[in-house]
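As a starting point, one isolated chain is supplied in structure tokens, in the form predicted alone.
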């Protein structure tokens, strides 16, 4: 009976993704980070229904008041509810982080996979172009775009994504260079499978583990860059707010109204910590060497 149970268990087996998921669940900090992100994202999505006050509503007679039972996070100098504005700021910051990372993902994975698979002169030219782009001060490039074309949030998605794809492309290219020498790729070529199908069906799916880990590290970078631009006044326009604009407003009033700075800073810090904990957990879970422990 014991032998039979062992055989049944061996037949069932577990995929690499299932094995990685089990290792991820054992990482308490990664699980806590993931749960926090789920709660934060849910609050951001439900902000219009959760918040008791419109995010743009001002009350000059009320002015800035400390956190109380009515205004959980207090109000700013214009009498706007900080709880509402922090939730709506989370919507903007998380949306910028996710969509800009999606732009980075699409460009970087495509560019890197083509470069790594083609090799030779094509790879050499594509990598030299990548190195030239690395030398450009892209942060200033984004600032120039925002100054010339206005503080358009959709332009912000594209601009931030366009400066993050370079590292993504280099990582994917390195993975593809090693994977294209595998036997299953040679078998696909011998069967007459085209280059596009090999890249799409055999190479890209096998670099997803590395890409997923890098994505969790790219999102906080993008959020920080958006916060930096908003802090400089080049981010989203009033009355909309992101965590960066709230922090910028709070800096000017930190001595008189400290909650205006502390609360958005804490929201940003906790979200970045959660993303980094999740990224570290995914890295450990998807590391092939971890399966030998």
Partner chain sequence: MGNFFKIFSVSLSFLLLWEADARSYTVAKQQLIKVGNATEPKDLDPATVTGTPESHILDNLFEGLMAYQPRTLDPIPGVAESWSVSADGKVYTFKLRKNARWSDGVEVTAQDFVYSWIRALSPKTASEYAYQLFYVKNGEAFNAGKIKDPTQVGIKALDKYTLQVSLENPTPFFVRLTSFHTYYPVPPHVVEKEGKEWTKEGKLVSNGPFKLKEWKLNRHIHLARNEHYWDKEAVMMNEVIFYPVENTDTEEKMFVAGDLHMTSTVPTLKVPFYQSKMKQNPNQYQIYKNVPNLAVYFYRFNVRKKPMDDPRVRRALALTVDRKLIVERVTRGGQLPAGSFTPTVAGYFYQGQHTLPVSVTPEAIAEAKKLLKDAGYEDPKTMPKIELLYNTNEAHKQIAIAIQQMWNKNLGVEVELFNQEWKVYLDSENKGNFNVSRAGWVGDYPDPNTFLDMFVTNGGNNKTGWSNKDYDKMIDMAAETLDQAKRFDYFQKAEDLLLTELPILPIYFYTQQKLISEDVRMLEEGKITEWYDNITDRLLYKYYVLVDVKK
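Residue numbers count along the first chain shown, from 1. Source: prediction; values computed, not measured.
Only in words, not in the display: the form predicted in complex with its partner chain, which the text now covers.
Tell me, please, which stretch of 253-261, 40-48, 66-74, 221-229 lies within 4.5 angstroms of its partner chain in the model of the complex when heavy atoms are compared?
Single hit among the candidates: 253-261.
Indicate whether residue 62 is a 4.5 Å heavy atom neighbour of its partner chain in the model of the complex.
It does: once its partner chain is placed as it appears in the model of the complex, residue 62 has a heavy atom within 4.5 Å of it.
Is residue 80 close to its partner chain in the model of the complex, meaning a heavy atom pair under 4.5 Å apart or at it?
Contact with its partner chain, yes.
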